[in-house]
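This document starts with one chain, in the form predicted on its own, laid out as structure tokens.
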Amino acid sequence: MKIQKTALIAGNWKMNGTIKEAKRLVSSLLEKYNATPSLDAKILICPPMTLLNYVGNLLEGTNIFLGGQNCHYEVSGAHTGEVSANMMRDSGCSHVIVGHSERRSQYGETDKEIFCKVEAVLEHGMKAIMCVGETLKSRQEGNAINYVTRQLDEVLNSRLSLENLVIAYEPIWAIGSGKTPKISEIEEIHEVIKKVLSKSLSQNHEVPVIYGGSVNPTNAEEVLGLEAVNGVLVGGASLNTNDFWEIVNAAS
């Protein structure tokens, strides 16, 4: 089984963590990181917005990257409770997750709105992790491929420079459920996404495609062993340092 080198291992803490908890998690992570002389994986931590500056300061001087979980597409304005892409960059973020399935399902974010967020993140010099994924109904009806590729249309039809784009395939029905698609289904969708991107973009750049959806220490090695998978987006397991580090090791 071929393990991807320099895979992106992104931990999405979601709406979890106080300063005290963040200190414990990051301190434990740094102990393991400092005890590993050579590490092939690229590690990204995406805490809640309230913890960006705090976690960023703890990670300063390391090669562990800081990311945001979401952003608004406007630079500023009367958008109470929102945070812009330039604010994310100002907080030290190198990456921002956009279009997570929970944003789509719970807050009704559309493909057009997600594209605008991707555009804002890229314009501010960060990497946009754009999430795509099918519903259980579309999977059962055999429409998963069409469902996922349709979510890419706005980006593919744009003139954006996509050298800082990352696609995260996360089937909606697998998020937080403990269920994962068959390994062949993960491989199939990743390969389709890469083919669609390569045919649609006249750029000498391969857009990384990572997998998200109940990633854990048990399934990480098999998922990361797929040639078409360039990393993983980890949810619940990123809140347990031992579990998260096992996933990092699976990529190394």
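Start at 1 with the first residue shown and count on from there. Here the structure is a predicted model, which means the values were calculated and not measured.
The discussion below concerns the form predicted together with a small molecule, not included here.
Screening 169-177, 76-84, 136-144, 150-158 for residues having heavy atoms within 4.5 Å of the small molecule in the predicted bound form returns a single hit, 169-177. Taking non-hydrogen atoms only, K14 approaches the small molecule to within 4.5 angstroms in the predicted bound form. Contact check for V234: a heavy atom falls within 4.5 Å of the small molecule in the predicted bound form.
The small molecule in the predicted bound form is approached by E102, whose closest heavy atom lies within 4.5 angstroms of it.
The small molecule in the predicted bound form is not approached by V223, whose heavy atoms all lie more than 4.5 angstroms from it.
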